[in-house]
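There is one chain below, alone, in structure tokens, taken in the form predicted alone.
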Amino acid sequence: MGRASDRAESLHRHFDGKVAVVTGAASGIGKALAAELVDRGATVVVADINGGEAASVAEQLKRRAGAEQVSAARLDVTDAAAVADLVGRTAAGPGGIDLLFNNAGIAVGGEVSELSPAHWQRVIDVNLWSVINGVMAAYPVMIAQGRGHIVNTASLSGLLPSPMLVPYSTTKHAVVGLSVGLRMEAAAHGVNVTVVCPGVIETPLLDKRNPDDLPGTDSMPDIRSMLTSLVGKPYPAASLASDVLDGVARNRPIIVTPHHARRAWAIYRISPRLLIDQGSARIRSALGSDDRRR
């Protein structure tokens, strides 16, 4: 029991005094990660395209931490220059930059036959280019420091097929590939890379439609119902954040959580066809017959 307690304490202390930037931190997974980092003693930059919400979250976390170890920044993660500027300013501080959480993301759904180039471009810009922008900004700095950890939020959809969310899944598969490939290179420079592949997480993203400024899609699914049916009950964001930071402290290459997400990934690795055929049947049932859709 004592050893387990010591290990837990060691994982918690790993972040004490570290400096972290978290993107997409005004809500959902990013907000939970920022809160857990603060609770573990880290100095955190809460970055989000919604600057007002980022500032509000930072103020909440300052009161929670009882210290001035949290700041906010408005950040458009699709703007490479802005990402580089924020990372550079953070790295220029007395503690440098220890952790970058490339977490910002959106979901775009609907049948591929209904999606326009604009749908694809938006999700690629936000979900993939934002991670590339973060890596391009932080990786050289971390190499120069001889230390650092880049943590990229992908999804279980980056490991498994995700019908009706194909553009989202495409970008998340790309983030997984980027992360594990970079990890192998980065080790030679003393830099760590982890990719997070959560299952269904209880966040506002579950209840969102496609961005309002994109063409509508009649087949846009109820994401919450569809993913809960396919993968399992939503997992609290705070629990995910705790799992992620424990995995980062252990320098895990891929973090898949909760347990039902790991189970789905295991089934897919053992028998891809089984999971694909079961998922296809559920999607056909949800969509109805071809005659109805004509």
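Only a predicted model underlies this, so the values are computations on that prediction, with no experimental measurement involved. Heads up: residue numbers just count along the shown sequence, starting at 1.
Although it is not shown, the form predicted in complex with a small molecule is what the next lines describe.
Enquirer: Only one of 137, 164, 186, 200 gets a heavy atom within 4.5 Å of the small molecule in the predicted bound form. Which one?
Expert: Checking each option against the small molecule in the predicted bound form, the one that comes within 4.5 Å is 200.
Enquirer: Quick one: of 254, 249, 49, 55, which gets a non-hydrogen atom within 4.5 angstroms of the small molecule in the predicted bound form?
Expert: In short, 49.
Enquirer: 76, 103 and 172: each with a heavy atom within 4.5 Å of the small molecule in the predicted bound form?
Expert: Yes: 76, 103 and 172 each sit within 4.5 Å of the small molecule in the predicted bound form.
Enquirer: Could you confirm whether residue 179 comes within 4.5 Å of the small molecule in the predicted bound form, counting heavy atoms only?
Expert: No, no contact at 4.5 Å.
Enquirer: Is it the case that residue 26, even though its partner is missing from this view, gets within 4.5 Å of the small molecule in the predicted bound form, heavy atoms only?
Expert: It does: once the small molecule is placed as it appears in the predicted bound form, residue 26 has a heavy atom within 4.5 Å of it.
Enquirer: Can residue 89 be called a contact residue for the small molecule in the predicted bound form at 4.5 Å between heavy atoms?
Expert: It does not: once the small molecule is placed as it appears in the predicted bound form, residue 89 has no heavy atom within 4.5 Å of it.
Enquirer: Spell out, yes or no, whether the shortest heavy atom distance between residue 190 and the small molecule in the predicted bound form is within 4.5 Å.
Expert: No, no contact at 4.5 Å.
Enquirer: Tell me which stretch of 139 to 147, 152 to 160, 93 to 101, 113 to 121 has a heavy atom within 4.5 angstroms of the small molecule in the predicted bound form.
Expert: Answer to the contact question: 152 to 160.
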